[in-house]
Structure formats: C-alpha cells, structure tokens
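First, one chain by itself in structure tokens, the form predicted on its own.
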Amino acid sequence: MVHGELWTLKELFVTPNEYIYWSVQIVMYPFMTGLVAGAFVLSSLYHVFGIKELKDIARFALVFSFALLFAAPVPIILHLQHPFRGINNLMTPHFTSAIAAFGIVFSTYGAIVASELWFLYRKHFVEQSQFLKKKQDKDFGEKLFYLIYTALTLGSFDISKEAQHKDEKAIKILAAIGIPVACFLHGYAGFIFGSVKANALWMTPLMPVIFIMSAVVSGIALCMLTYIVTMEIRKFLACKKQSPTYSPECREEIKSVEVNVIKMTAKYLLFFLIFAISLELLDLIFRGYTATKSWDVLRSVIYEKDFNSIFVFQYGIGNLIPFILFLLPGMTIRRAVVGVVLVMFGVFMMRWNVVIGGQAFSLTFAGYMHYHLPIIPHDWETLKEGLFGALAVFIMPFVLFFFLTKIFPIFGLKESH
C-alpha cells in the first residue's frame, strides 16, 4: 500500500499517484519547533533586554525551551519510513538542501541553549557538588546527584563575584545570539514550505516570517500555560497541611507572583499576536489582489473546502477570541488560561491548514483530497501517524521538563545578576 493511502480520500479526478503524504506528524514538526523558538525568545526578553517583570518566567522558559528542543525532531523521525536514517540529517549537515541545513541550525541552536543553561546554573552546580561532597553517609540518590553535579561543573569551581560577573556577560551574549538563531530555526521550516514552487498555497515569500511570528506567539502561550499549572501545583502544596512546604503566607505570595508575571507576559503575547494576525491577513489579501493563475483553485480551497478550518477555527476561535480576551482590562488567571489554550489551538490550525491544506488540491488543479486523521490505530503506521502519535510528541517535552527541573531547579534559586 502506498504511504498516505490509508488516510487519503479523493474527490473528483486526481491523478492516481497523488496522496496526502505529509500527515499530522509534519503538522507537529513546525508546531514543536515553533514552541522551542518562542520559549527561548520569551527567556531572552529578560536576559538581553533586561525586562525585569519577566525575570521569574525567564529561567522557567529557558529550561522549558531545552526540554522542547529534544522533542522538536521527533515528528520527522516518526514520519520517516526508515527512522534510523533521521540521524544522517544531523551527522551530515550541509546547505545544498533545506532539510539537510536543519542539522546545522538545530545543532547550533542546541549548543547555544545548553551553554546558556550551563552559565546560568554553574554556581548552583558548584554549590550542590561541594555540599554533597562534604555530606557523610550519602544514599544512592545523593551519590548519583553528586556525580551529575560534579560532572556538570566541567571542572570550573570558581564562584567568586568576578567569575559570576563573567557568567552574566556570557549569558547575555548567548541570549542575544540565540534570538536570531531561534528565529532562523523556525523560519527555515517556513522557508521549506515557501520555496516549494510546485505548490501554489505554500509558494509565498511571507511564509518564513509568518512562521516565525506564530512560533513566538505559540511558545509564549505554552510557557504561560505551563507556568500557571506549575504555580497552581505550588499553591496547592503550600496550603496542604501535610505537605513540608505548608505555609498560608507563602501561598498568597505565590499567587501574587503568578498574577503579576502572567499579566506582564500577556502584554508581550498580545504584542506578538497582533503581528502574527496582521501578517497572515496580509498574505491572504496579497494572494487575492495579485490573483495569479492558481488563484481560482486556491480560492476554492480557502473560501469553500477549508473555510471552517481557516476562518472559523484558525482566525475566529484561535485568533479573534484570544485577542479580545487579552485586550480586555482586568486580566485573571482563568481568562489567561482560556486565552493561551485558544492561541495554541489557532497556531496549530495554521500549521494544519498550511501542511494539510497545501496537499488537499491536485497539482493538476483538478480534484481534491481529504485527510482523515487516524484516531483508533490498527497498525504501527496509523499509530505513529495518527492522534496517539501526535499526542505522544506533545506530551514528551513535559515529561522531559519534569526530569530536567530535578537538575535545573526553576524556583528558589537566587539570581547572580
């Protein structure tokens, strides 16, 4: 059976060898890389531009970005018919192919994030290593953490004020370099689609910019949602009398910090959301105004076949409603949660409409195809390319984030800068 035949339904005449080859995993790929870039940009707003109101979420966003980084290439690996060949992309990178350039961009970005994390937590690694070294009768877990922290110091145990000052400079430089690299990481995903001359829906120079803006929006939204969930758990533990962290005063303090951080972050989310919506609408108007020879078939896809997914789900539910929610005064946590969930839904629908919508019409401009997402898997192919495969990719960074916070604590550390 041809790859794609399992989930493709054809309408009217379509050449026999045409199918929707790129499934939900290729929708997840730009979605996940966008989250990586957006989380890093949010972190850099504090480290580079010194926006102190974002200080509490900056460290959180950087660690989360690192967790997302590992999940970003997973959709492509799952989509490959020969997954083990995926490593070739990273081991033999070059610029003669847009896909192969991923190895260079991804490796560079990963090195920047890892280096920034190391400088940010170096003092913590040294303190923990020295503390555990002096401790007598260490259990297995403490011995393991001692080895991990000692290895992570990389032999640099100097935590004098001068050394910390150098760390601060390094963090700022890496964050500044990381912003364009993060944008390039996701812009290149848009570049791949925008450079496909054979596909009228993808072929637009605005595609990389649209992808970058929506990436920043989705990354900030996911960081806000995860931050809220984390703070709610902290509040729950703070008011639970059996918990070692029980403290009613601490609960009110956590609540106050949470509200302030979310209110400030929501302003930046709204700022980037305006740009993202404007670019997408500009692209739509530009296509209608220029009305190239492919416009007739594009119009039938945009205004008829995919009207609900584009104008109702993406623009209506995913853009307009959260835009109004964030614009209204008196932001509350509940309203923020609804807003960020809808924002992420809107960005996901944008990716869906680009990837799936771009394959929905025949390259001969005669006939349409419909993609049916496999819900209940009946073999390995429908499992990894279906709903469960997409959910597994989305859940993966949260699991990684949980374990990373055991080594890179996101709360309770004093900033050296």
Partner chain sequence: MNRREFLKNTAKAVAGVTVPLAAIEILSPARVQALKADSSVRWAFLVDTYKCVGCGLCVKACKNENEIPYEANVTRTWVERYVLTKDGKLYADSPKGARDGFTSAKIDLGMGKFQDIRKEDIKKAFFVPKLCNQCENPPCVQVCPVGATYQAPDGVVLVDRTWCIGCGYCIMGCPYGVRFFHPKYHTAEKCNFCYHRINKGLKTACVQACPFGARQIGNIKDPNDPVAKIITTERVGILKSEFGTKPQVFYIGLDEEVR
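Residue numbers count along the first chain shown, from 1. Just so it is clear, the structure is predicted and the values come from calculations on it, not from any experiment.
Unshown form predicted in complex with its partner chain; subsequent notes refer to it.
- Interface membership of Lys55, defined by any non-hydrogen atom within 4.5 Å of its partner chain in the predicted bound form, is ruled out.
- Contact annotation: Phe95 falls within 4.5 Å of its partner chain in the predicted bound form, judged by heavy atom distances.
- Although the partner is absent from this view, Ile192 contacts its partner chain in the predicted bound form, with a non-hydrogen atom inside 4.5 angstroms.
- Though the partner is left out of this view, Gln81 does reach within 4.5 Å of its partner chain in the predicted bound form, counting heavy atoms only.
- Trp118 is the sole member of Trp118, Phe326, Phe272, Phe313 with a non-hydrogen atom within 4.5 Å of its partner chain in the predicted bound form.
- Shown without its partner, this chain lists Ala198, Val229, Leu147, Ala291 as candidates; in the predicted bound form, only Ala198 has a non-hydrogen atom within 4.5 angstroms of its partner chain.
- Note that among 177 to 185, 161 to 169, 214 to 222, 276 to 284, the stretch whose heavy atoms approach its partner chain to within 4.5 Å in the predicted bound form is 161 to 169.
- Residues Gly86, Asn89 and Arg122 are all found to lie within 4.5 Å of its partner chain in the predicted bound form, as judged by heavy atom distances.
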